[in-house]
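In C-alpha coordinates, one chain follows: the form predicted on its own.
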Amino acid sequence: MNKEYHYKLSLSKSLESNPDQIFCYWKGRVALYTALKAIGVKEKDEVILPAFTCVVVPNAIIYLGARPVYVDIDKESLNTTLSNIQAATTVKTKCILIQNTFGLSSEVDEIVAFAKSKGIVTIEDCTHGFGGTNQNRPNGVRSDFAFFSTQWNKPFSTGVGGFLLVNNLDYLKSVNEVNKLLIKPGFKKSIILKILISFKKAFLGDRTYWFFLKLYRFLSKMGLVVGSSSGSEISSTVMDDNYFMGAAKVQFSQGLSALIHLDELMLLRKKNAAIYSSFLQSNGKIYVKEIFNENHSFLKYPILIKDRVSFLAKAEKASVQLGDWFLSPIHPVESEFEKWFLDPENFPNAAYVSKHVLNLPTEIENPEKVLAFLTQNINDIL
(Lines give C-alpha, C1' and ligand atoms only; values in the text may rest on other atoms or scores of the structure.)
Protein backbone atom coordinates (compact mmCIF):
# COMPACT_ATOMS: atom_id res chain seq x y z
CA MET A 1 0.00 0.00 0.00
CA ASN A 2 1.68 3.29 -1.08
CA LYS A 3 1.61 6.42 1.06
CA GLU A 4 -0.84 8.28 -1.17
CA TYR A 5 -3.46 5.52 -0.91
CA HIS A 6 -2.82 5.11 2.83
CA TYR A 7 -3.28 8.87 3.26
CA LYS A 8 -6.53 8.87 1.27
CA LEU A 9 -7.74 5.88 3.25
CA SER A 10 -7.11 7.73 6.52
CA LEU A 11 -8.99 10.77 5.22
CA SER A 12 -11.89 8.68 3.93
CA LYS A 13 -12.45 7.09 7.34
CA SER A 14 -13.14 10.55 8.76
CA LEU A 15 -15.38 11.54 5.86
CA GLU A 16 -17.74 8.57 5.47
CA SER A 17 -16.36 8.03 1.97
CA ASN A 18 -14.08 5.84 -0.12
CA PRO A 19 -10.47 6.63 -1.05
CA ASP A 20 -11.42 6.92 -4.73
CA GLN A 21 -13.65 9.90 -3.87
CA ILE A 22 -10.64 11.87 -2.62
CA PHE A 23 -8.13 13.76 -4.78
CA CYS A 24 -5.00 15.45 -3.42
CA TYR A 25 -3.35 18.66 -4.60
CA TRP A 26 -0.41 20.95 -3.91
CA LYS A 27 -2.85 23.47 -2.38
CA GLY A 28 -6.51 23.41 -1.36
CA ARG A 29 -7.48 26.13 -3.85
CA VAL A 30 -6.55 23.75 -6.67
CA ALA A 31 -9.17 21.34 -5.34
CA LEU A 32 -11.79 24.08 -5.63
CA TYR A 33 -10.67 24.94 -9.16
CA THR A 34 -10.88 21.25 -10.11
CA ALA A 35 -14.45 20.96 -8.84
CA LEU A 36 -15.55 24.13 -10.62
CA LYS A 37 -13.97 22.99 -13.89
CA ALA A 38 -15.43 19.48 -13.53
CA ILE A 39 -18.98 20.83 -13.27
CA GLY A 40 -18.42 23.01 -16.33
CA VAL A 41 -18.18 26.49 -14.80
CA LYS A 42 -17.39 28.89 -17.63
CA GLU A 43 -17.73 32.45 -18.86
CA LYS A 44 -20.99 34.20 -17.87
CA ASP A 45 -21.70 31.65 -15.12
CA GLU A 46 -22.13 32.92 -11.56
CA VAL A 47 -20.82 31.33 -8.37
CA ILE A 48 -22.20 32.47 -5.02
CA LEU A 49 -19.78 32.79 -2.10
CA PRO A 50 -19.52 34.71 1.19
CA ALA A 51 -18.02 38.20 1.21
CA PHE A 52 -15.77 37.05 4.06
CA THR A 53 -13.25 34.62 2.65
CA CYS A 54 -9.74 34.24 1.27
CA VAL A 55 -8.91 35.80 -2.09
CA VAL A 56 -7.87 32.43 -3.53
CA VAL A 57 -11.56 31.41 -3.53
CA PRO A 58 -12.82 34.08 -5.96
CA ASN A 59 -9.57 33.65 -7.89
CA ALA A 60 -10.48 30.04 -8.73
CA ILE A 61 -13.83 31.26 -10.06
CA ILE A 62 -12.35 34.10 -12.10
CA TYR A 63 -9.66 31.85 -13.60
CA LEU A 64 -12.48 29.98 -15.36
CA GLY A 65 -14.01 33.18 -16.74
CA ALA A 66 -16.98 33.05 -14.35
CA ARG A 67 -18.14 35.79 -12.00
CA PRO A 68 -18.06 35.58 -8.19
CA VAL A 69 -21.32 36.78 -6.64
CA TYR A 70 -20.80 37.72 -3.01
CA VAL A 71 -23.33 37.58 -0.21
CA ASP A 72 -23.12 39.11 3.25
CA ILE A 73 -22.53 37.15 6.44
CA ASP A 74 -24.35 36.91 9.73
CA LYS A 75 -22.43 38.78 12.46
CA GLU A 76 -22.75 35.94 14.97
CA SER A 77 -22.04 32.84 12.89
CA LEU A 78 -19.64 34.66 10.50
CA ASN A 79 -21.16 32.48 7.78
CA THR A 80 -23.63 33.49 5.12
CA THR A 81 -27.30 32.54 5.37
CA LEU A 82 -29.87 30.78 3.25
CA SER A 83 -31.89 33.98 2.86
CA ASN A 84 -28.86 35.89 1.57
CA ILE A 85 -28.10 33.13 -0.92
CA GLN A 86 -31.70 32.96 -2.11
CA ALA A 87 -31.68 36.71 -2.77
CA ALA A 88 -28.49 36.43 -4.85
CA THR A 89 -29.54 33.41 -6.93
CA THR A 90 -30.27 34.00 -10.61
CA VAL A 91 -30.69 31.88 -13.73
CA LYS A 92 -26.91 32.29 -14.20
CA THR A 93 -26.06 30.70 -10.83
CA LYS A 94 -24.04 27.57 -11.53
CA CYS A 95 -22.72 26.83 -8.06
CA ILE A 96 -23.04 27.83 -4.40
CA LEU A 97 -20.07 27.74 -2.02
CA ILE A 98 -20.91 26.91 1.60
CA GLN A 99 -18.12 28.01 3.93
CA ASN A 100 -17.47 26.82 7.48
CA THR A 101 -15.71 29.86 8.90
CA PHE A 102 -13.10 29.16 11.59
CA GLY A 103 -14.60 25.65 11.83
CA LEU A 104 -18.31 26.48 12.17
CA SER A 105 -20.84 24.85 9.84
CA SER A 106 -24.28 26.44 9.77
CA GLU A 107 -27.44 26.10 7.63
CA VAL A 108 -25.72 23.53 5.43
CA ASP A 109 -28.73 21.24 5.00
CA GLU A 110 -31.02 24.16 4.22
CA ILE A 111 -28.68 25.62 1.60
CA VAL A 112 -28.08 22.23 -0.04
CA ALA A 113 -31.83 21.55 -0.20
CA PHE A 114 -32.47 24.94 -1.79
CA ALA A 115 -29.68 24.39 -4.34
CA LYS A 116 -31.03 20.96 -5.29
CA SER A 117 -34.47 22.43 -5.86
CA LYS A 118 -32.90 24.83 -8.36
CA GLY A 119 -30.55 22.32 -10.00
CA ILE A 120 -27.50 24.18 -8.64
CA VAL A 121 -24.28 22.44 -7.58
CA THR A 122 -23.02 22.93 -4.02
CA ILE A 123 -19.40 22.92 -2.85
CA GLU A 124 -18.51 23.11 0.83
CA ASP A 125 -15.48 25.23 1.65
CA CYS A 126 -14.09 23.08 4.45
CA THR A 127 -10.66 24.66 4.52
CA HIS A 128 -11.23 25.35 8.23
CA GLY A 129 -13.44 22.39 8.96
CA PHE A 130 -11.83 18.97 8.56
CA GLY A 131 -12.46 16.84 11.63
CA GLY A 132 -15.48 18.90 12.65
CA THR A 133 -19.13 17.96 12.36
CA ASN A 134 -22.49 19.37 11.39
CA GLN A 135 -25.54 17.75 12.93
CA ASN A 136 -23.37 14.78 13.98
CA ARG A 137 -22.01 14.14 10.47
CA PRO A 138 -18.55 15.10 9.20
CA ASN A 139 -18.13 18.51 7.62
CA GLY A 140 -18.14 18.27 3.85
CA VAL A 141 -20.31 15.20 3.25
CA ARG A 142 -23.66 16.85 2.48
CA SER A 143 -22.89 18.76 -0.71
CA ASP A 144 -21.87 17.65 -4.21
CA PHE A 145 -18.23 18.45 -3.43
CA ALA A 146 -16.12 19.67 -0.54
CA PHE A 147 -12.59 21.01 -0.61
CA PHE A 148 -10.17 21.04 2.29
CA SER A 149 -6.90 22.76 3.11
CA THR A 150 -3.92 21.24 4.90
CA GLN A 151 -1.85 24.44 4.89
CA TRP A 152 -0.06 25.79 7.95
CA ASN A 153 -2.46 26.37 10.87
CA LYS A 154 -5.28 24.32 9.33
CA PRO A 155 -7.02 21.40 11.13
CA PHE A 156 -3.96 19.31 10.35
CA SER A 157 -0.98 20.39 8.31
CA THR A 158 1.08 19.06 5.42
CA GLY A 159 2.88 22.40 5.18
CA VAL A 160 0.89 23.42 2.14
CA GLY A 161 -1.70 21.16 0.55
CA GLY A 162 -5.34 20.28 0.20
CA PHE A 163 -7.78 17.75 -1.18
CA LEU A 164 -11.15 17.40 -2.84
CA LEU A 165 -14.01 15.16 -1.72
CA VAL A 166 -16.46 14.17 -4.46
CA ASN A 167 -19.79 13.21 -2.92
CA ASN A 168 -21.81 13.29 -6.13
CA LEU A 169 -20.36 10.27 -7.91
CA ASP A 170 -21.77 11.46 -11.24
CA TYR A 171 -18.81 13.86 -11.34
CA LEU A 172 -16.02 11.35 -10.69
CA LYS A 173 -15.32 10.86 -14.38
CA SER A 174 -15.09 14.58 -15.13
CA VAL A 175 -12.81 15.16 -12.11
CA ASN A 176 -10.48 12.44 -13.34
CA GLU A 177 -10.44 14.05 -16.78
CA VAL A 178 -9.56 17.46 -15.34
CA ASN A 179 -6.80 15.92 -13.23
CA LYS A 180 -5.02 14.63 -16.33
CA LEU A 181 -3.72 18.19 -16.75
CA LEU A 182 -2.12 18.40 -13.29
CA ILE A 183 1.50 19.53 -13.07
CA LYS A 184 3.83 17.45 -10.89
CA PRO A 185 5.66 19.32 -8.11
CA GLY A 186 9.35 19.65 -8.85
CA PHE A 187 12.10 18.24 -6.66
CA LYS A 188 13.06 21.75 -5.47
CA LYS A 189 9.53 22.56 -4.27
CA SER A 190 9.31 19.29 -2.36
CA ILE A 191 12.68 19.81 -0.67
CA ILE A 192 11.88 23.39 0.33
CA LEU A 193 8.54 22.28 1.76
CA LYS A 194 10.20 19.49 3.74
CA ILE A 195 12.74 21.96 5.17
CA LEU A 196 10.00 24.43 6.13
CA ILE A 197 8.01 21.72 7.91
CA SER A 198 11.09 20.66 9.91
CA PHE A 199 12.00 24.28 10.66
CA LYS A 200 8.51 25.05 11.98
CA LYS A 201 8.59 22.07 14.32
CA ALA A 202 12.01 22.97 15.66
CA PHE A 203 11.88 26.74 16.06
CA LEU A 204 8.35 28.14 16.12
CA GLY A 205 7.13 29.23 19.57
CA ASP A 206 5.80 32.25 21.45
CA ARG A 207 9.11 34.11 21.34
CA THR A 208 9.78 33.49 17.66
CA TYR A 209 6.20 33.55 16.34
CA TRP A 210 5.97 37.18 15.23
CA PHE A 211 9.43 37.37 13.69
CA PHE A 212 9.00 34.22 11.63
CA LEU A 213 5.41 35.06 10.68
CA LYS A 214 6.49 38.37 9.14
CA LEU A 215 9.54 36.82 7.51
CA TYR A 216 7.56 33.92 6.05
CA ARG A 217 4.84 36.16 4.64
CA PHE A 218 7.41 38.43 3.04
CA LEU A 219 9.38 35.57 1.50
CA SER A 220 6.25 33.79 0.24
CA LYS A 221 4.93 37.03 -1.28
CA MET A 222 8.23 37.38 -3.11
CA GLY A 223 8.06 33.76 -4.25
CA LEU A 224 11.25 32.81 -2.42
CA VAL A 225 9.67 30.07 -0.28
CA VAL A 226 6.68 27.75 -0.62
CA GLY A 227 3.94 30.01 0.71
CA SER A 228 0.22 29.90 1.35
CA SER A 229 -0.34 32.65 -1.23
CA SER A 230 2.00 34.03 -3.85
CA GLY A 231 2.28 37.71 -4.62
CA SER A 232 0.48 37.26 -7.94
CA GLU A 233 -2.57 35.73 -6.25
CA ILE A 234 -2.95 38.81 -4.07
CA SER A 235 -2.34 41.41 -6.77
CA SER A 236 -3.77 39.80 -9.91
CA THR A 237 -6.64 37.67 -11.20
CA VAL A 238 -4.49 35.96 -13.84
CA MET A 239 -3.74 32.30 -13.13
CA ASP A 240 -0.08 31.48 -12.59
CA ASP A 241 1.46 28.92 -14.94
CA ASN A 242 2.28 26.61 -12.00
CA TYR A 243 -1.12 26.92 -10.30
CA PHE A 244 -2.70 23.61 -11.31
CA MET A 245 -0.37 21.32 -9.40
CA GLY A 246 -0.82 17.90 -7.85
CA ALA A 247 0.39 16.75 -4.44
CA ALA A 248 3.93 15.70 -3.54
CA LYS A 249 5.04 12.62 -1.65
CA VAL A 250 6.24 14.71 1.29
CA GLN A 251 2.66 15.89 1.80
CA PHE A 252 1.34 12.34 2.06
CA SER A 253 4.00 11.43 4.64
CA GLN A 254 3.40 14.57 6.69
CA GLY A 255 -0.37 14.15 6.48
CA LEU A 256 -0.26 10.59 7.80
CA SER A 257 1.89 11.74 10.70
CA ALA A 258 -0.33 14.70 11.52
CA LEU A 259 -3.61 12.77 11.37
CA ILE A 260 -2.48 10.60 14.28
CA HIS A 261 -2.89 13.57 16.61
CA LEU A 262 -6.07 15.04 15.11
CA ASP A 263 -8.56 13.70 17.67
CA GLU A 264 -6.63 15.08 20.62
CA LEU A 265 -6.24 18.43 18.84
CA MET A 266 -9.99 18.61 18.23
CA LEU A 267 -10.64 18.08 21.94
CA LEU A 268 -8.04 20.69 22.88
CA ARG A 269 -9.55 23.27 20.53
CA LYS A 270 -13.01 22.73 22.00
CA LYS A 271 -11.66 22.91 25.54
CA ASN A 272 -9.84 26.19 24.97
CA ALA A 273 -12.80 27.65 23.07
CA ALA A 274 -15.02 26.99 26.08
CA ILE A 275 -12.50 28.79 28.29
CA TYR A 276 -12.41 31.80 25.97
CA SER A 277 -16.20 31.92 25.69
CA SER A 278 -16.59 31.86 29.46
CA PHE A 279 -14.03 34.64 29.88
CA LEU A 280 -15.53 36.88 27.20
CA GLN A 281 -19.12 36.33 28.36
CA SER A 282 -18.25 37.05 31.99
CA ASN A 283 -16.64 40.31 30.89
CA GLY A 284 -19.59 41.38 28.76
CA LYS A 285 -17.76 40.94 25.45
CA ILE A 286 -18.82 39.42 22.14
CA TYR A 287 -18.29 35.66 22.14
CA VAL A 288 -19.26 32.56 20.16
CA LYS A 289 -22.79 31.74 21.28
CA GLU A 290 -23.61 28.36 22.81
CA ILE A 291 -26.04 27.50 20.00
CA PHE A 292 -23.04 27.14 17.65
CA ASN A 293 -20.86 24.95 19.87
CA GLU A 294 -22.12 21.56 18.66
CA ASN A 295 -21.25 22.34 15.04
CA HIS A 296 -18.06 24.33 15.71
CA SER A 297 -14.59 22.76 15.64
CA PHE A 298 -12.89 26.04 16.64
CA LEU A 299 -9.87 25.97 14.37
CA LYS A 300 -9.61 29.60 15.46
CA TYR A 301 -11.56 31.52 18.08
CA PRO A 302 -12.74 34.88 16.70
CA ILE A 303 -12.77 38.04 18.80
CA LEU A 304 -13.61 41.59 17.75
CA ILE A 305 -11.20 44.41 18.62
CA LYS A 306 -11.70 48.19 18.61
CA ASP A 307 -8.28 48.98 17.12
CA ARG A 308 -6.74 45.90 15.54
CA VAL A 309 -3.39 47.44 14.61
CA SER A 310 -2.75 48.62 18.16
CA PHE A 311 -3.92 45.32 19.65
CA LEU A 312 -1.64 43.27 17.39
CA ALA A 313 1.32 45.46 18.38
CA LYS A 314 0.57 44.81 22.03
CA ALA A 315 0.29 41.06 21.39
CA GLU A 316 3.64 41.03 19.61
CA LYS A 317 5.28 42.87 22.50
CA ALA A 318 3.77 40.37 24.96
CA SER A 319 4.76 37.37 22.76
CA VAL A 320 1.13 36.25 22.50
CA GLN A 321 0.22 34.41 19.30
CA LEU A 322 -2.78 35.94 17.55
CA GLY A 323 -4.12 35.34 14.06
CA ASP A 324 -5.51 37.91 11.64
CA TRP A 325 -7.96 35.87 9.51
CA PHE A 326 -9.81 37.63 7.76
CA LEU A 327 -8.51 41.18 7.73
CA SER A 328 -10.55 42.00 4.62
CA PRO A 329 -13.65 40.58 2.92
CA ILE A 330 -11.24 38.75 0.57
CA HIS A 331 -8.24 38.24 2.84
CA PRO A 332 -5.50 39.49 2.58
CA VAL A 333 -6.42 41.94 -0.23
CA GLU A 334 -7.02 45.45 1.12
CA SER A 335 -7.44 47.52 -2.04
CA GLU A 336 -8.49 47.36 -5.70
CA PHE A 337 -11.43 45.13 -4.78
CA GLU A 338 -13.00 45.79 -8.17
CA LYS A 339 -10.53 43.33 -9.71
CA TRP A 340 -12.44 40.63 -7.86
CA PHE A 341 -15.90 42.11 -8.64
CA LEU A 342 -16.32 43.16 -5.01
CA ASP A 343 -17.62 46.37 -3.46
CA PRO A 344 -17.23 45.94 0.33
CA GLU A 345 -19.81 48.67 0.99
CA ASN A 346 -22.51 46.33 -0.31
CA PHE A 347 -21.75 43.84 2.49
CA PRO A 348 -21.83 45.80 5.77
CA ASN A 349 -21.54 42.83 8.13
CA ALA A 350 -18.54 41.38 6.33
CA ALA A 351 -16.90 44.80 6.09
CA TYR A 352 -17.43 45.46 9.80
CA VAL A 353 -16.19 42.07 11.00
CA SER A 354 -13.15 42.09 8.71
CA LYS A 355 -12.20 45.49 10.14
CA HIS A 356 -12.28 44.25 13.74
CA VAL A 357 -11.70 40.49 13.84
CA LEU A 358 -8.68 38.67 15.27
CA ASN A 359 -8.24 35.01 16.20
CA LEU A 360 -7.21 33.47 19.49
CA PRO A 361 -5.08 30.32 19.33
CA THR A 362 -6.88 27.11 20.26
CA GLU A 363 -4.04 24.58 19.94
CA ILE A 364 -2.23 25.58 23.13
CA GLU A 365 -1.87 23.47 26.24
CA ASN A 366 -2.14 26.40 28.63
CA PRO A 367 -4.33 29.36 27.64
CA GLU A 368 -3.50 31.28 30.82
CA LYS A 369 -1.00 33.53 29.05
CA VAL A 370 -3.63 34.49 26.48
CA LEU A 371 -6.23 35.13 29.18
CA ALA A 372 -3.78 37.30 31.13
CA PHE A 373 -3.14 39.35 28.00
CA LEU A 374 -6.86 39.71 27.32
CA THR A 375 -7.47 40.77 30.92
CA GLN A 376 -4.76 43.39 30.71
CA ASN A 377 -6.30 44.77 27.50
CA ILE A 378 -9.96 44.08 28.21
CA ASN A 379 -11.09 47.59 27.23
CA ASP A 380 -9.77 47.05 23.70
CA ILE A 381 -12.18 44.15 23.10
CA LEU A 382 -15.68 44.70 21.70
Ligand SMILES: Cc1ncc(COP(=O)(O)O)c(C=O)c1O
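The first residue of the shown sequence is 1; numbering continues from there. What you see is a predicted model, and the numbers here were worked out from it, not measured in a lab.
Here the subject shifts to the form predicted in complex with this ligand, a form of this protein not shown in this document.
Novice: In terms of non-hydrogen atoms within 4.5 angstroms, which of the given stretches 343-351, 55-63, 309-317, 39-47 touches this ligand in the predicted bound form?
Specialist: In short, 55-63.
Novice: Does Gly103 make contact with this ligand in the predicted bound form, using a 4.5 Å heavy atom cut-off?
Specialist: Contact with this ligand, no.
Novice: Can any non-hydrogen atom of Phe326 be found within 4.5 angstroms of this ligand in the predicted bound form?
Specialist: Yes, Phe326 lies within 4.5 Å of this ligand in the predicted bound form.
Novice: Given that this ligand is not shown alongside this chain, does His296 nevertheless sit within 4.5 Å of it in the predicted bound form, heavy atom to heavy atom?
Specialist: Although this ligand is absent here, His296 would stay clear of it in the predicted bound form, with no heavy atoms inside 4.5 Å.
Novice: Taking this ligand as it sits in the predicted bound form, is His128 in contact with it (heavy atom to heavy atom, 4.5 Å or less)?
Specialist: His128 belongs to the contact set for this ligand.
Novice: Which of the residues spanning 23-39 lie within 4.5 Å of this ligand in the predicted bound form, based on heavy atoms?
Specialist: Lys27, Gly28, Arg29 sit within 4.5 Å of the partner.
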